[in-house]
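First, one chain by itself in structure tokens, the form predicted alone.
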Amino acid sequence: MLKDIITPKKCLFVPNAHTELRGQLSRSRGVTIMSGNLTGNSRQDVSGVSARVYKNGIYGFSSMAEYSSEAADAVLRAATENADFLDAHVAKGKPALPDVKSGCRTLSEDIPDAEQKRYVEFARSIDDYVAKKYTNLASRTVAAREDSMEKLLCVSNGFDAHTCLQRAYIYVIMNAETASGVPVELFKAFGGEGGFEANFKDPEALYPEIDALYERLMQKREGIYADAGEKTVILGGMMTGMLAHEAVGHTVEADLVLGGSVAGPNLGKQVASELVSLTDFAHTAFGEKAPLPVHVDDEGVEAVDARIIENGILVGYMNNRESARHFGMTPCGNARAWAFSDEPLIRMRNTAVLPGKDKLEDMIASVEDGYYLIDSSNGQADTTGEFMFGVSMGYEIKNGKLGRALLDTTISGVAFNMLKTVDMVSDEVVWSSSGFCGKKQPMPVGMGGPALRCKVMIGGR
């Protein structure tokens, strides 16, 4: 755990200039086994300090790859000098940032760190199980990962905080071929927030879900291509989460709104069916801990939920302190930095569509000719809300019943148009938190949602 060399430096902050001083230790652990061969085995620790000073609409920033009292002094001086220099040349003349609630959040428990051999042993056990039981696979990969960001933050106004966001996952990837030689692949991530030992105690606990993954792969191996065109589909919760993050979430990040995103002229307007509501959750969602809880952001703002869409109406954006002042909104703790050397950007935390009242089985039964789309392999969207997502697992629906599995396909559309076609929303939310958002800096995020019945363009052969 980081020793607190940050808080004593608060006495050095320049009066009347918002200052943030952050110390950080970022940790990553990884093991990869491909078809029985250990191809990756790494441990990395990166630490340092950074300071940011706001003056008249300008930020001065400085960082140093050393976690020491002397380094903290140096980055504070440099950030202050940078702010003075930029203000003298740019002269934006903007007022001070508005005050936010102040307080302190401490980290009371040590951050667990498993020995590297535990990653190797656990991944090897999973790989041995798959290799012995499923001999007809073309290839297999098992990866064990853990990453964490421990931060000590001190600010001139806001929350001082000692926090750690830690998560651990096992990724299982299976590859096979169709009778005609077309490769098919499926993967699943196991794990979540917390350390490796907390998430993975016994490899046998994963066997039932690994078996289910293999069964779906065999169904996909005998799958069909979707018929191209606009179709009535049921988007599974994972697909809804991808939509919430990529096609909606990024358009309502205030820096991208200022850059001309589709959300700018749509504030206060209907952008979805009245059945659709969307929130970027801070640390608690639906009465439980959110997948990747954030309690204080890297500007010292206490994290609270950011309401984005309510009953189909776009009601807010995700902000940092500066953009919140611009739009007359309240910052909710969305300013996050990946590394000690990064400045905070407006980022999502746990973005999800809220559940409805429908049962998934009733939604499927309501579709005469369409598709049930479960998992996404990738996705991209732009600030117009136009998106294209890969679909790695899905099924046809005929006369209200699930039929054959689908081979890889895509869906595409414009989010605010597609969401207006939603006419059923399931009562159960599915979360995903094993990936990274790539907006300028990597960032661990959670995304999720219920199943949605809607119309969307689907690709064919």
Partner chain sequence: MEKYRIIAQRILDRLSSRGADMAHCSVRESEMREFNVDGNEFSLFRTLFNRHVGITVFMGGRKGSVSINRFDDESIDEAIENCIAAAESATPDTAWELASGNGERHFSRGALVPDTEKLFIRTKELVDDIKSRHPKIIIEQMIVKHVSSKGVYMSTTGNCYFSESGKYVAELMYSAHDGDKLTSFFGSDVTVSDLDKPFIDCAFIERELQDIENQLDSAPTNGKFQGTVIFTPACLVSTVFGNICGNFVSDSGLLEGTSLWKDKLNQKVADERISVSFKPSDKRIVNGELYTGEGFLSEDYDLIKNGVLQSFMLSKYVANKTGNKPAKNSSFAMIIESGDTPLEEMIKSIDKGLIIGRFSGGSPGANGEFSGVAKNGFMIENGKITHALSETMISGNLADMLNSVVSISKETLVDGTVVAPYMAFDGITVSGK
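Predicted model only: the values in this text are computed from it and were never measured. Positions refer to the first chain, counted from 1.
We do not show the form predicted together with the partner chain, though everything after this point is about it.
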One stretch from 327-335, 83-91, 186-194, 353-361 that, in the predicted complex, holds residues within 4.5 Å of the partner chain by heavy atom
83-91
Heavy atom within 4.5 Å of the partner chain in the predicted complex: which of 386, 274, 99, 73?
386
Interface residue in the predicted complex among 125, 311, 219, 139, criterion: non-hydrogen atom within 4.5 angstroms of the partner chain:
139
Applying a 4.5 Å heavy atom distance criterion, does residue 399 contact the partner chain in the predicted complex?
no
Residue 381 within 4.5 Å of the partner chain in the predicted complex, heavy atoms:
yes
Wondering, does residue 175 line up within 4.5 Å of the partner chain in the predicted complex on heavy atoms?
yes
In the predicted complex, does residue 164 come within 4.5 Å of the partner chain, counting heavy atoms only?
no
If we check the partner chain in the predicted complex, which of the residues in 157-171 reach within 4.5 angstroms of it by a non-hydrogen atom?
none
